Ligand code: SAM
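Next comes just one chain, in structure tokens: the form predicted on its own.
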Amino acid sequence: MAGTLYVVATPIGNLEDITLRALRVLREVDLIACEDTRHTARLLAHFNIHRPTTSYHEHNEAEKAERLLEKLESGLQIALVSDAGTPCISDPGYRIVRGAHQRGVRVIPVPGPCSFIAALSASGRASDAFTFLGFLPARKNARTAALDELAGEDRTSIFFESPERLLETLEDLERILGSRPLTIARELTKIYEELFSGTAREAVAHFSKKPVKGEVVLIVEPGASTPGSLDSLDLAVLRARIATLAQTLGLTKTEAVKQLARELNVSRRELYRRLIEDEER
């Protein structure tokens, strides 16, 4: 009879946030698969839990998943944990979970802390509809493209960001998405916990005062929900504005069209279409 895979959430900082159920499961399983065994060892020692552990991280996930699945099929009970928070949320784990489902192995979630959910709950931002996008690309061009795709997003957007890239990302946000209200949650549940609310420009001023440290969650409110209309706009004026943007900001024509679409809150594709149709007349 196959065993069970438990997906166990662990604290993101304050150890008091672990659930009674998580402690029971960690004490009862045959094996704990950890993102970092040294990190998890400190958690287990704090709660006087003595169970075997094995490493399961992004660099060995493809290979290790198969071996763990074989153990599950043989009847072992295994708990999957990440360094902090809920496994599989921008952390390793989906391969073994998917494999368990494919092989008929029971998967049981043991819910608990999740940093971006905790940040959203305390942010005061709209939470009826939101999109979580993990880490933004580290490279500027890729990050710009990712943010550009959010220009028309009508849901709250949530990201992880490294402290080293926070200021650069905020500057990109201001340039691409404008002065939208946002929240930055840093070091949640830890000693230096901080929740900042304001605009990207205000956030740059705030976080430029000293080096940014710790885990960062960035929550950005959506733009205007109803796109504007191009029907009443003069195409000659639009072309002049595109030329001005290209010259003053050093943008390509394509980038200038994207910027103008954001300024007018219109569909970028529709703006392209109207300009091309006008050229062909």
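Counting begins at 1, following the sequence as shown. These figures come from a predicted structure and were not determined experimentally.
Below, we refer to the form predicted in complex with ligand SAM, which is not included among the displayed structures.
Undergrad: Would A84 sit within 4.5 Å of ligand SAM in the predicted complex, counting heavy atoms only?
TA: Contact with ligand SAM, yes.
Undergrad: Classify R175 as contacting or not contacting ligand SAM in the predicted complex by the rule of any non-hydrogen atom within 4.5 angstroms, answering yes or no.
TA: Flag for R175 set to no.
Undergrad: Would F135 show up as a contact with ligand SAM in the predicted complex if we use heavy atoms at 4.5 Å?
TA: Although ligand SAM is absent here, F135 would touch it in the predicted complex, with heavy atoms inside 4.5 Å.
Undergrad: Even though the partner isn't displayed, in the predicted complex is K190 close enough to ligand SAM, meaning a heavy atom within 4.5 Å?
TA: So K190 counts as contacting ligand SAM.
Undergrad: Considering A122, A146, A205, C114, which brings a non-hydrogen atom within 4.5 Å of ligand SAM in the predicted complex?
TA: Contact residue from the list: C114.
Undergrad: Sort through A256, V217, V29, V220 and report the residue having a heavy atom within 4.5 Å of ligand SAM in the predicted complex.
TA: Residue within 4.5 Å of the partner: V217.
Undergrad: From the candidate stretches 68 to 76, 156 to 164, 136 to 144, 99 to 107, select the single one in contact with ligand SAM in the predicted complex, where contact means a heavy atom within 4.5 Å.
TA: Stretch 156 to 164 is the one.
Undergrad: Going by ligand SAM in the predicted complex, which residues of 63 to 79 come within 4.5 Å of it through any heavy atom?
TA: Nothing in this stretch is in contact.
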